[in-house]
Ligand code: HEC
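Quick heads-up: it's one chain on its own, the form predicted alone, in structure tokens.
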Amino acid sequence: MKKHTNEKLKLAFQELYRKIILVSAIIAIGAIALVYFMVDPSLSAFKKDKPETEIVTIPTREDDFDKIENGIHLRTGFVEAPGMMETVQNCTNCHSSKLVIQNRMDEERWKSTIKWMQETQNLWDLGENEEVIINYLVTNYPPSKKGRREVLTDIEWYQLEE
């Protein structure tokens, strides 16, 4: 009887072993197929007819690259004026022209901003271009007018009677 039980147990373990091997093989094949489809998604059955993103072409002709319309440099949005190209060449290498345009400052603040960028952001020495750039920025991007009225002064206030 003990021999018969041992054989049944042995057959049950062999059957379990075969099932484990079969499940492992199926999982391994699925994992390999998944990795393959991730590497080459063109083999997928779930293809789309249209690309998800629109392809934008950048002008390649030199005259389109620095084109100016209505006094605005199209690529950067800078106002066309003396010093614009020096500003484009030195400022847009590191950041967007929009960052320059939105920061309206006076001459002193532009100088301190440039000094700060040179000390902390590895901005190179602008040499003679620094004065040209600052003049361009102060002329075309001065501080905006105050949005709120100033505090009232020299007013004779009176008490309201109830």
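All residue numbers refer to positions in the sequence shown, first residue = 1. Just so it is clear, the model here is predicted, and its values are computed rather than measured.
What follows is about the form predicted together with heme C (HEC), which we do not show.
Query raised in the report: Any chance all of Asn70, Val79 and Met85 sit within 4.5 Å of heme C (HEC) in the model of the complex, going by non-hydrogen atoms?
Result: Not one of the three qualifies.
Report task. Using a 4.5 Å heavy atom cut-off, state whether Val132 contacts heme C (HEC) in the model of the complex. Result -> No, Val132 sits far enough from heme C (HEC) in the model of the complex that none of its heavy atoms falls within 4.5 Å.
Query - Contact of Tyr36 with heme C (HEC) in the model of the complex (heavy atom, 4.5 Å) - result: Heavy-atom contact with heme C (HEC) at 4.5 Å: absent for Tyr36.
Report task. Decide whether Trp116 counts as a contact residue for heme C (HEC) in the model of the complex under a heavy atom distance cut-off of 4.5 Å. Result -> Yes, Trp116 is a contact residue.
Query raised in the report: in the model of the complex, does Ser42 have a heavy atom within 4.5 Å of heme C (HEC)?
Result: So Ser42 does not count as contacting heme C (HEC).
Requested in this report: Give, in sequence order, every residue of 105-124 that has a heavy atom within 4.5 Å of heme C (HEC) in the model of the complex, or say none if there are no such residues.
Outcome: Those in contact are Met105, Trp110, Thr113, Ile114, Trp116, Met117, Gln121, Asn122, Leu123, Trp124.
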